[in-house]
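Single chain ahead, by itself, as structure tokens, in the form predicted alone.
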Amino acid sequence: MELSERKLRILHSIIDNYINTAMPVGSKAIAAELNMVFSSATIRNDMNDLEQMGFLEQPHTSAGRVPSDRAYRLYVDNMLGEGELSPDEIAFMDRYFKRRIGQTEQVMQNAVNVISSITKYTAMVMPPQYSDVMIRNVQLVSVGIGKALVILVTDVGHWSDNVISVPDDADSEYLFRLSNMLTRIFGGQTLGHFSDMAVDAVRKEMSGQREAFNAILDTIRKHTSPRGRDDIVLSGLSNMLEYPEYRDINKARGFLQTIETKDVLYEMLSHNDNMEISVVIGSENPIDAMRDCSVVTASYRVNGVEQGKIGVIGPTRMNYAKVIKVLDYLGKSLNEIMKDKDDG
């Protein structure tokens, strides 16, 4: 049995209604929403057909229907309109991302905080994978007596990272010369594969400054190892407990225990590497504790190069259009905040 235009309209209305209310939907509510274009009897018959086709389910305690995972899949693939962000939501996000923030870790934490605040779901982010990024130059900037900020400038952006110790008498001219030396030796090499020869050359040049040498080397190397499970940044975990789907304490506990290990988060963010946007719905999740959830993930890029993944976990009745819009906006914001603007 094919889905007629009328059945599609009815199913679309049921899904929208259930996303907004979390209450099973009856034929009278759909008739009212569709301005009585179809009679309640016609809608009831179509709802029965939709249930037989696997698009609707009937909870035991209600005469209404709720969408199945199959319905949500059809909805996401074929019915979803473009989500909208209010001016207040855009302003809220821009407050985080219109200013340049030096520490990559702080950028990532801000990203998940923004996503979880706007969507009211749980947000996660996989920090950038930098091992194949090419070093353009290394800059040292004084931030006080005996202290300098190490700034790495690469072909996909620049990051202000560790504050290191330098000699108390290190002035701007000294730091300028040291920056030129580091750039001459490390420039053109990748973060993950700079040569032993380069390291030995820097060690020789800084033979009397072992502490500063080790700190600079650590700053570069901290970007080279592949990101793992412990690097996933999470926010809004308790948001899920606000939804009626998780009023069952055992269900809520199982979800929290699964997420807190971060193994599941890593697998979700590593899934579908070749897709810009991935939506995994309910029973499509391979992990039992996640089968009442949907997971939307998106790649984010810096200067056109994919660097990591951001994602949202919510109930299967999540507002998919809104979530996708937020991830798209945040992806562009991450690109802007992390790319090289030629002014730094």
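Because the structure is a prediction, the values reported are computed rather than measured. Residues carry their position along the shown sequence, with the first being 1.
This protein has a second form, the form predicted in complex with the DNA, left out of what is shown; the following refers to that one.
When the DNA is considered in the predicted bound form, only one residue from 318, 302, 47, 310 comes within 4.5 Å through any heavy atom, namely 47. Considering the DNA in the predicted bound form, the lone stretch of 30 to 38, 276 to 284, 310 to 318, 294 to 302 in range is 30 to 38 [heavy atom distance within 4.5 Å].
Though the partner is left out of this view, residue 25 does reach within 4.5 Å of the DNA in the predicted bound form, counting heavy atoms only. Relative to the DNA in the predicted bound form, residues 6, 58 and 63 are all within 4.5 Å by at least one heavy atom.
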